[in-house]
Structure formats: structure tokens, C-alpha cells
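Take a look at this single chain, the form predicted on its own, given in C-alpha cells.
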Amino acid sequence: MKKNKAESQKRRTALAARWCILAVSVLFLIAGAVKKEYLEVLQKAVRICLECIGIG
């Protein structure tokens, strides 16, 4: 009986940790979108791509 309770508690803790990580990830995505960081990432990606094919 004790083993089942311990396993159940362990699963709940793991599930709570997953949800916390997901929530923090979503907050970081929103913060990046608000600061328009995606534009800088896109510009860097274009530069790298152009350098790879020898244009930039």
C-alpha cells in the first residue's frame, strides 16, 4: 500500500514539474513576442542562409 502512495506522489510531482516548465516556456515565448525578438532571429537566419549559399 505504501509503495502505491509513494508512486502516486512521485507521478503527481513529475506532472506538476512538467506543467511548471510548460508555463515558464510559454511566458518566455510571450515575452519574446512582445519585445519583437522574432524579427532579430529572422534577420540572423537570413544572414546565415545567404552566407551558406555564398551570396551574403
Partner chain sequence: MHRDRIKSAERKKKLSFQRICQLAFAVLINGYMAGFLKGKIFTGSSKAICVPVLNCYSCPGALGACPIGSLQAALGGPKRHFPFYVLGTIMLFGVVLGRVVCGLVCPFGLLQDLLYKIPIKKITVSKKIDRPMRYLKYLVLIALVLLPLFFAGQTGIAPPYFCKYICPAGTLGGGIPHLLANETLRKAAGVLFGWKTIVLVLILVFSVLIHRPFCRYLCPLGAFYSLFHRFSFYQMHLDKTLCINCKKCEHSCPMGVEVTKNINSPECIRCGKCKSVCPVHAISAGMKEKESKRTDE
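Positions refer to the first chain, counted from 1. All values reported here derive from a predicted model rather than from experimental measurement.
Another form exists, predicted together with its partner chain; not displayed. Remarks below refer to it.
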Exercise for the section: Consider Ser25 of the chain shown here, and say whether it contacts its partner chain in the model of the complex, taking contact as heavy atoms within 4.5 Å. Expected result: yes
Near its partner chain in the model of the complex, with a heavy atom at 4.5 Å or closer, the residues from 20-41 are Ile21, Leu22, Val24, Ser25, Val26, Phe28, Leu29, Ala31, Gly32, Lys35, Glu37, Tyr38, Glu40, Val41
